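Coming up is one lone chain in structure tokens, specifically the form predicted alone.
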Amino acid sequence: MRSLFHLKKNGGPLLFLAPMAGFTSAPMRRLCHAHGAELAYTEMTSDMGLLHDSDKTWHLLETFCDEGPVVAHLYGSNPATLAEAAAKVEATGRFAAIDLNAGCPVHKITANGAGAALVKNPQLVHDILAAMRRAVTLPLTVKTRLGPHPGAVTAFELLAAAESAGADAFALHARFTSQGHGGEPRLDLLAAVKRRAKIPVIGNGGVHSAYAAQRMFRETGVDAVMIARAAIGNPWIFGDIRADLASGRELAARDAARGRTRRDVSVIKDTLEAHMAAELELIRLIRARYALPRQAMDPDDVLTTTFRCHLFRYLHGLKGSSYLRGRLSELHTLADIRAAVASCLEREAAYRAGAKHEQAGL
């Protein structure tokens, strides 16, 4: 992807944070960059929302100056409006690249001909990318899927469309639209697309461990691997994968079952605090930039609502997390969140101390 593929560190694997609606805002991106992601994508952003200067849409493209390289992830189905939106995004000077969403399977997106609806129409993908290419000088990429369903593989036509339109990279979720986000990714088809490609290919789908990342790299030869849901509440996954791959150890399927590496309780607490502080920073940045009235976005009120999706992923599997989930309706302020987190982590620390004591007694 032009200069973006010069991000590789010490010859190691390129690991990217995938775009995820409701998750990949600046705070999560900053943390993932800090833990080893070379590139991170914004949330899915509507071309028409940008052209209509919708504040809520532009909020999705807010960045921190210190977070690292960010790709603006746009969706739509009209070449002219996507090109105009891409030009407006480039004019902000905040992005390393622009990406077209041609893979989101959510009905409200596909019903308007956008997202995964585009996998059925490689010619339209070509026309969109060609229009965007004429409108911007930034690296341009597309994120798509294998096809609508196993009986209709369109990834090869989509790759050809992207290449002929002047795209700089091709990100492929190795599942069909009909699979949603479940089911086994088809690494054989991803490998076949990579063999045919003249531009870098980014692999995506089912990468939840170092074993899965190693398997994708080895079996497909992709230039980079994109991590999605496994990074929610787990920014350490990028460093874990990098360390495991650098060890040279042949990973086995059983390694995938280990799940997240157990963190020290203090590390979980500090990372949670850093994420919450960044969320508050983003809220204040948006409020200042868009001159919103103070009562429109009280930071504590917003945080207690928006951060829940991250909160439970950070605490997933810890003793006390189910207790915290049961107290969800009681979390009204930042102080409430901190108290609930402290209670959960105290229970986990006590559990670990007891388990360690039992092991020592054996």
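Each residue number is its position in the shown sequence, starting from 1. Model, not experiment: these values are computed from the prediction.
Quick note: we don't show the form predicted in complex with a small molecule, though the next part is all about it.
- Based on heavy atom distances of at most 4.5 Å to the small molecule in the predicted complex, which listed stretch, 90-98, 243-251, 172-180, 276-284, is the contact stretch? Selected range: 172-180.
- Residue (of A130, I227, I268, A224) lying close to the small molecule in the predicted complex, criterion heavy atoms within 4.5 Å: After the contact test, the surviving option is I227.
- Task: Go through L303, M44, L61, L31 and name the one with a heavy atom inside 4.5 Å of the small molecule in the predicted complex.
- Result: The residue in contact is M44.
- According to a 4.5 angstroms non-hydrogen atom cut-off, is M20 in contact with the small molecule in the predicted complex? Answer yes; at least one heavy atom of M20 falls within 4.5 Å of the small molecule in the predicted complex.
- Closest heavy atom of H208 to the small molecule in the predicted complex, within 4.5 Å or not? Contact check for H208: yes, within 4.5 Å of the small molecule in the predicted complex.
- Does T141 reach the small molecule in the predicted complex, with heavy atoms at most 4.5 Å apart? Contact check for T141: no, nothing within 4.5 Å of the small molecule in the predicted complex.
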